[in-house]
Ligand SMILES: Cc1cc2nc3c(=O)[nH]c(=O)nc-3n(C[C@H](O)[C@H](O)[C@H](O)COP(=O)(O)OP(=O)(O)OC[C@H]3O[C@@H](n4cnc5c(N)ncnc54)[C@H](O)[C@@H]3O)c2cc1C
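One chain follows as structure tokens, the form predicted on its own.
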């Protein structure tokens, strides 16, 4: 097949227009063109009153080699790449121990799924509850302020991404097309088929719940085991005098009973909020380093206003859906301010996992039809900003907790979130009443002055950035737009450093993975990292003679792949969540 890119058509084009454009681009007779498969459909909204669709298609054509040679330079015609997934190994029954996967966020799920598909029968451990029970606990917190520290937005089956916009796109390098494997598995589990071709696919919370359940069912059907409400409380690690070590398993606690699970292959797919587990592995001698993350507030506007600013006369067109945005400003004090995890037609949600703290996040359903648009407006911080204390590489956790505890008090110590109108925030005065923007955050908000909610450098940078963003999106700094605090869980505050084999740099057999380990930022990149780590685990079994390599597997020829996303990908402006 041939791949054709950058086919531009009007928003309201006729169904046959795509085929006609393909025929023109190839310069062949219409009868020579067979099936056309849409690989990607994006939008060109640079001229908001003349929005177009941009297509990438795979085309079956007669005499393919001749057509390819005739294609003019710059015509964007090439052979279609192979985006199918190729398993690299197969368990052969010689393994004496099953791999352990800790965590059932997108990274843990895809690590376990791919291991199960290769026959390794993983044991999956989740401190929280199955996704439906977890959803009930989360809604109870939002409606009644009753927090379960082990079952909430952060902890439980599906991970933090379950209560988000469900974005399935990322800026990671993906030369092996692992993201296609992820999207295909989602579709098999019940996701809308359109996620395979729209440029910014998303699912939304309610659909994700059903998909996560189906993925779990498939892992179990393939021989895997999933244990809920089973918390990893210790690491079985043999240490050497030089600090190096080898993992031998984990200690878990469930229902008040402790148990040792032995394995030489343990995947840590913890998520960015497993602070107690971070402290435990650091105490056990696993190498951990501090990494940058971002802090800020959620901002809400009427979605209709964002639609008009982005789409002009096309606002409300069902083909376009709710408009999003991506904004970045480099402030005079050297801080980067940017929008993060933008949720069109969504809500601001309570996302704490600890008593006496307030954390916000954003969430959308698949329809994206709620009244408001929201995103985080965050400021980048580095380890140089962290407290100088005895926590060492874990000092970023201390800063997060300090900010979250302050927000709890500012909100009235009831889990209501502190909030302020943008006009008052820019003017440096407290807010007393709302304007037209109705807050979506539950359990509720408390109007106040957010000037003390974040470090002064962050407040200064945000006050500079908001009027700049208003020039890019009309009405962004409208006086009654609402800021709700605080957003602190943009990414993990640590990195569990790993080597070319995806193993901890000082603990053989321990595979740090996903967002919590500092190697992903969002659902898709975390799932992709899960596949990468599953292959690394399989490669380790092959090296030990406990599995066989399969022809066509490429993992062994790319040993640096496990470090490819190690440089703060989830901390860059424009990353998703």
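Nothing here was measured: the structure is a model prediction, and the numbers come from that model. Numbering follows the first chain given and starts at 1.
Heads up, the form predicted in complex with the ligand isn't pictured, but that's what we're talking about next.
Undergrad: Using heavy atoms and a 4.5 Å limit, would one call residue 526 a contact residue for the ligand in the predicted bound form?
TA: Result yes; residue 526 sits at the interface with the ligand in the predicted bound form.
Undergrad: Does residue 231 make contact with the ligand in the predicted bound form, using a 4.5 Å heavy atom cut-off?
TA: Contact with the ligand, yes.
Undergrad: Tell me, yes or no, whether residue 293 is in contact with the ligand in the predicted bound form, where a contact means a heavy atom of each within 4.5 Å.
TA: It does not: once the ligand is placed as it appears in the predicted bound form, residue 293 has no heavy atom within 4.5 Å of it.
Undergrad: Although the ligand is absent from this view, report whether residue 118 comes within 4.5 Å of it in the predicted bound form, heavy atoms only.
TA: No, residue 118 stays farther than 4.5 Å from the ligand in the predicted bound form.
Undergrad: Choose one stretch from 424-432, 440-448, 358-366, 377-385: the one whose residues place a heavy atom within 4.5 angstroms of the ligand in the predicted bound form.
TA: Careful reading of the contacts points to 358-366.
Undergrad: Out of 306, 337, 160, 494, which one falls within 4.5 Å of the ligand in the predicted bound form, going by heavy atoms?
TA: Residue within 4.5 Å of the partner: 160.
Undergrad: I need to confirm a contact call. Of 482, 112, 269, 266, which residue comes within 4.5 Å of the ligand in the predicted bound form, counting heavy atoms only?
TA: Of the listed residues, the single hit is 269.
Undergrad: Scan 320-355 and note down the residues that get a heavy atom within 4.5 Å of the ligand in the predicted bound form; none is a fine answer too.
TA: Residues within 4.5 Å: 341, 349.
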